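Before any questions on how it binds or moves, here is one chain, the form predicted alone, in structure tokens.
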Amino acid sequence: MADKLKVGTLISGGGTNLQAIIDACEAGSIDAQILFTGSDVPGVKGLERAQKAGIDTFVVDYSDIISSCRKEGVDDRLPADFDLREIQAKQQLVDAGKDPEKAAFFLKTRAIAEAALLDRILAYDMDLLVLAGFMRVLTPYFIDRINTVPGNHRIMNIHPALLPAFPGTDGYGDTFKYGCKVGGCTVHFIDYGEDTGPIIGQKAFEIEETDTLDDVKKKGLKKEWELYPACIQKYAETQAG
């Protein structure tokens, strides 16, 4: 039997997608093992789900880090290998020309938090990092330290819309407000933009005239729980073959 894919997971909340992946691993429907679950928010339900499954957990509190940076400054806390010009040249998340000081603060504080995250993640021998409801954008500083081989994407994300339509934080809400008759979800790899990376898989559902936004979200979540494990298995088979 081939070795199982070694997966790390990051969450920010309840962890329902994490639970779907845990269940799929336990059922043997994906050839993967979850090594850890990290969160940027302390005390969330997803951490309990991981602990119940015997998975290592940790927290890197982004809000606390950003708050302390506002009070104490950032430059003395930056990682030694951080290069602002390099990150600014690669990133597609903020308009540095519009407010350079604000953009620099954003990229610096994220790098400080991401360095703390990397300290925890890189302690594991991980094949794939799965964002299972992780609500923080990742900058090139972080991405380049996970995707160390050019063209080899190792960070996977799920988005609540049929990309490239409706990127951003409210995919189901945007789909519903636009009046779409079909909604869906997308699993994709992370790149330097927001929800712009290569698409791995998608699932769609019909939106009825009587559906509310809550109905759309419920339909979408059911599809997410099917799609994410399937895409992880697809990745596992690609690596094995």
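Numbers for residues come from their place in the sequence shown, where the first is 1. Keep in mind that this is a model prediction, so the values were computed, not measured.
The next section is about a form of this same protein that is not shown, the form predicted in complex with a small molecule.
- Shown alone, this chain has one stretch from 96 to 104, 70 to 78, 151 to 159, 121 to 129 that lies within 4.5 Å of the small molecule in the predicted complex by heavy atoms: 151 to 159.
- Contact with the small molecule in the predicted complex holds for none of S39, E114 and F142, as no heavy atom of theirs lies within 4.5 Å.
- Looking at T16, you'd find a heavy atom of it within 4.5 angstroms of the small molecule in the predicted complex.
- Although the partner is absent here, Y172 lies within 4.5 Å of the small molecule in the predicted complex, judged by heavy atoms.
- When the small molecule is considered in the predicted complex, A230 lies well away from it, no heavy atom lying within 4.5 Å.
- In the predicted complex, no heavy atom of V137 sits within 4.5 Å of the small molecule.
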